[in-house]
Each structure stands twice: as C-alpha cells, then as structure tokens.
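Consider the single chain below, provided in structure tokens and representing the form predicted on its own.
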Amino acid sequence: MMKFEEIKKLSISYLFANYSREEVCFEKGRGEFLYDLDGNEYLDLVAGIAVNILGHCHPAITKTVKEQVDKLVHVSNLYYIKEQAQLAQALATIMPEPLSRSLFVNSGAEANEAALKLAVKKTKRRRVVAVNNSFHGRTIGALSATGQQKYHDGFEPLLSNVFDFINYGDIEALKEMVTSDTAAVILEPIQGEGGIVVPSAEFMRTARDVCTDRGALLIIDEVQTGLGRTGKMFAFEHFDIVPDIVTLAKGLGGGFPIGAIVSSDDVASAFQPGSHGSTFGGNPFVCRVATKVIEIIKSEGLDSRAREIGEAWISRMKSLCNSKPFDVRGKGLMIGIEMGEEAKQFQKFCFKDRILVNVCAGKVIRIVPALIISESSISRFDQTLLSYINSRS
C-alpha cells in the first residue's frame, strides 16, 4: 500500500497546485466517518462540502451503484433515457408547483450557467442582478455572477459585465436595481462560501415580488442548501416563495457528480433542441443514484431530522460560545460559527482531535455534515468546541 508521503510527492509532482490540502489522505469512509491510510477515524463535518448528504458508502446507494454499473453507465442524450426521466419525475414530486421540468448537467457551476442562459433566452433581456459575497461557481458565467473579488482576480478579461451587484439583504437596492432590462435575479437562499449568511424573509420575499412585478425571473441557487440540508427540502421554502428557476447539485448525487435546473413548463419552453446540452449530463448511472438519494431523504424524513437536530445543535453551540464573541448561525445542518482570526486556529484544533471542519469567508467555521449524523458525533464535536474555548480562556 502506498504511504502518505509517496502520495503527497506524486501530487506535488503531477497535479496543478490550485488546492490547499490538509496533511491527510483518506482510504475509506463509512457513515459520517473517514479513515486515513493508517486506519485512523475522523469525524467528517465537511461531507465533501455538503455533497455526501447520506454519509459515506450508504448501503442503499452502494447497492444501487453496483446494480446500475452492471446495466448501463452512459448513453447519449440523442436517445431517451429511462433513468433520466425517472429522476425528473422524482424532482417534480418534491418541488412546489409549477416547477416540474428538469435539465441535467454535471455540477453546480454548470447548473447556474444553464439557468442564466435560460433566463436570458426566455426574457430576451440583457442584465442580471446578483449580490455581493455570493458564490455561484468558477466557470465564466457563474464566476461573473459571483460577488467576491478574490475569485475574480486574474480572470477579469473573461468575465461578463452584464451583472449588477447589490448587497445581500439590501431591500431598497434590490427594488432600485431590477429594471425592465433585468432578465433575472440570482440569489443563494443562504450564502455558503460567503460565511453561512441567512437573509431576512423580507428580503427574499421582496426579491420574489419585484421579479414578478417587473417581468424578471428569480433564480434560486440551491446547490449547497438543497435536498433537506437546511431542515426543509429546499431552503427557499423557509421564506414561503417559489422561484422561477432552481439550481441543484452537491447533495443531489450523494457523492456522484450531477447538477440540475428545475423550472416551469412556460420558462423551460425557451430551450429548444440545440439551445443547451451536456455530453455527460443526465447519464443513466448518476440519475439512478440521484433518484435513490431523493427516495431515501423522503422515506427517512431526513429534512425534518436536519431541522430538529440542527435547531438543538445551534442552540447548544450558542450556549457553549456564550463567553466568546462567536456568532453561531444557520439553518438545519448548515451551520456557521464566526470566529474571526481564530477560525483557522480552531480548524487545526479540530484536526488534532480528528474532526474535519472547513473555514469559509476566512473567518467562519462551516459545518455541513451528512444528514444521518448521530447524536454521539454531535456531542463529540461539542466537547472539542468546549475544550477549545476553555483552552483560550
């Protein structure tokens, strides 16, 4: 078996150096745990950045993968694909009306690109309103819609100038910016990379109302928040709104790459043969897996479980952090602890305890575990958080 240093040397020698990596390599995973090359167990509260929504190697997903890989992995969208049609039907059953039409791609960035194209094609308008501190992906259109300069640096010649940015939550700016030339407003219902920022219900409802009044489409980016993570099947449901276009990825595939946009019959009709496409998008293999993911979330009530566990966990963390100026926030099992300069220190402290957390926005601990996480694992993290707080007192 290869040793860690061998793997690290190969990576440094042959891979692009565009990722900062922890000093660990994992051999296998089970549930909410990962195991390194030496068999050490780590509690995974990152879950592939909200991807492994059912944990690692969920038995039903593993069984589905084995069955499908023996039947059919890929066939072109030149033909009808049974598994793709079944996944679209499954998505329609968990979406509010009139959202019933799906288009499949391979990632969240691709889903947002497709959504932006659809909005412009449908409305025949030229501008899009986006927000500062947002993140929608790293491909050119999605990157152009991302309101964080650090992701733009060095790529400015490629970026589009059709985006008008406002501050997240600024209701008056939103009302002013959306005009008769606005094709769409694109929003995360909770900002993920931006630091687990939850908007007011008034802001989200205003976005819906303004788009309706002025003929723009509302795109809600549920790439990180979707499929039960925030305590509802989709985070936009917290605000009692229905978007015109929803984008999905991450948790939808349970660990396998897939993205999707879901819209109404009317909006979807703007795309005709040749308008958009993806070679791998909607292949039988990943669609079968994604359908099983939805089935498990529904049958086990994992959205409700995330809400109940998340509310209790957030409340408990707020009590633990009472002596520190740390802001604990989020919904369901999408939780942020704003620690400022201490965030990186706490991440290292957790790593020594073999707990994996992630820092986003440079100052926020992001916790996005599998929705099947156990109470004992939650208690394990709480103890580490308390130990850290006591060590800094």
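Computed from a prediction, not measured in an experiment: that's the story for all the values here. Note that residue numbering follows the sequence shown and begins at 1.
Omitted here: the form predicted in complex with a small molecule. The next part is about that form.
Only one of 313, 234, 135, 104 comes within 4.5 Å of the small molecule in the predicted bound form through a heavy atom, and that residue is 135.
A single residue from the set 83, 303, 193, 164 has any heavy atom within 4.5 angstroms of the small molecule in the predicted bound form; that residue is 193.
In the predicted bound form, at least one heavy atom of residue 112 sits within 4.5 Å of the small molecule. At the 4.5 Å threshold, heavy atoms of residue 230 stay clear of the small molecule in the predicted bound form, well away from it. When contacts are judged by a 4.5 Å heavy atom cut-off, residue 244 does not count as touching the small molecule in the predicted bound form. The small molecule is not drawn, but in the predicted bound form it has a heavy atom within 4.5 Å of residue 108. Comment: 215 to 223 is the region of 174 to 182, 215 to 223, 196 to 204, 87 to 95 lying near the small molecule in the predicted bound form, near meaning a non-hydrogen atom within 4.5 Å.
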